[in-house]
Ligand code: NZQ
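One chain is shown next in structure tokens, namely the form predicted alone.
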Amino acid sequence: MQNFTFYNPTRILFGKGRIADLAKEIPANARILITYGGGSVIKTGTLDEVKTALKGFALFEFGGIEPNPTYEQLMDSVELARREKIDFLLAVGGGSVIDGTKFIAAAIGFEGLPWDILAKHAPIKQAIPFGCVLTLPATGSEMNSGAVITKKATHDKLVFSSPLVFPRFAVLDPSKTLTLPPQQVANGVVDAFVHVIEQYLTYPADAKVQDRFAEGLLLTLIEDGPKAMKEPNNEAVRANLMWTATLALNGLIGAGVPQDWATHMLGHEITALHGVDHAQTLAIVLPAMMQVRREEKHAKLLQYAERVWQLREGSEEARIDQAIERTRNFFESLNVKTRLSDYGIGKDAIPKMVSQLERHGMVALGEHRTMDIDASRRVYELAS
């Protein structure tokens, strides 16, 4: 296990009815901009509940943030926030809304072109404080300092991170997830699963606590993911999934261990070019990624096979084959398809995706930084 420093300042308010505690978490006299997505928080009454909890504050709204938040749209919100002298942001929604709000928080006081935060990794010197009310567990954005933003004009989907954009608090009320469509529930399970895999399926680092923690999260997703689909009103199941998704990417299981993230980088190009849901791209890429890189991941693939899928018989190669197949079957059991062709994307689309990886400098990916463009091309081809 490597030396590490773990820091996470986000305060978690977990449980039913915690929206009522919002006013205690926000400075008095704050001018608050509430951000949200396509309107489900309006239909379900969550937005009204938030407003009731914040009665007496100066409230402004920016709705319609897209599932893959775009720079162009978010800049409209930045202008609104500047105009109204907003000094606190509140994201109400899923990971896309929270990611978008992180960008807004960083862009409001940014000197220069805010796109440079993503394209040039320009340092963020200040950010408006913000909190969030999570309605869709998936990305873990409610308890981390990273975000993914798309520039629609150029099909660029890029990542930024800063300690200044950790949420000050996150309200996690599992009952708010009961109205989610099945596909969003499934996507959330897949997203959390692959977040864990990116920090776990690398090489042995004598990090027993992180390994066991990661395996526990994976087992919870395998057990409760299908239950959430079959028992949509089971609030206990939703509670476990919500907390699992948060822990999957709050920095804890990745502390002191090598991390991969190549699956995400390849997935981002599929979304940017073809509009496929983020979690769906991960389900497409991961089984092929495991196969192409099975040699460098051999030891951890065997551990994954034994501890997560209880595969202890047969040759090592057979167990790895079975573990990869079990992974694919798990995604498919949630009705998340695992081939490019399932989304109408043919092999003729692969050169453009590979070209995008090169343009974005994604030419040395993975925990060893040895996954080159040829390896990425093989993953796309195997995933077709």
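Owing to the predicted nature of the structure, the values given are computational and were not obtained by experimental measurement. Numbers for residues come from their place in the sequence shown, where the first is 1.
Note that the form predicted together with 5,6-dihydroxy-NADP (NZQ) isn't included here; everything after this is about it.
A.B. asks: Out of 116 to 124, 283 to 291, 296 to 304, 92 to 100, where are the residues with a heavy atom within 4.5 Å of 5,6-dihydroxy-NADP (NZQ) in the predicted bound form?
C.D. replies: That would be stretch 92 to 100.
A.B. asks: Of these, G216, P129, G146, P258, which has a heavy atom no more than 4.5 Å from 5,6-dihydroxy-NADP (NZQ) in the predicted bound form?
C.D. replies: Exactly one listed residue reaches within 4.5 Å, namely G146.
A.B. asks: Using a 4.5 Å cut on heavy atoms, which of A248, V171, A105, A138 is close to 5,6-dihydroxy-NADP (NZQ) in the predicted bound form?
C.D. replies: So the residue touching 5,6-dihydroxy-NADP (NZQ) in the predicted bound form, by this definition, is A138.
A.B. asks: Any chance Q322 has a heavy atom within 4.5 Å of 5,6-dihydroxy-NADP (NZQ) in the predicted bound form?
C.D. replies: Q322 lies outside the contact set for 5,6-dihydroxy-NADP (NZQ).
A.B. asks: Is there a heavy atom of N240 no more than 4.5 Å from a heavy atom of 5,6-dihydroxy-NADP (NZQ) in the predicted bound form?
C.D. replies: Judged by the heavy-atom cut-off of 4.5 Å, N240 is well away from 5,6-dihydroxy-NADP (NZQ) in the predicted bound form.
A.B. asks: Indicate whether 5,6-dihydroxy-NADP (NZQ) has at least one heavy atom within 4.5 Å of a heavy atom of T179 in the predicted bound form.
C.D. replies: Yes, T179 lies within 4.5 Å of 5,6-dihydroxy-NADP (NZQ) in the predicted bound form.
A.B. asks: Would S40 count as a contact of 5,6-dihydroxy-NADP (NZQ) in the predicted bound form, using a 4.5 angstroms cut-off between non-hydrogen atoms?
C.D. replies: Because a heavy atom of S40 falls inside 4.5 Å of 5,6-dihydroxy-NADP (NZQ) in the predicted bound form, the answer is yes.
A.B. asks: If you apply a 4.5 angstroms heavy atom cut-off, which residues in 48 to 75 are near 5,6-dihydroxy-NADP (NZQ) in the predicted bound form?
C.D. replies: Those in contact are I65, P67, N68, P69.
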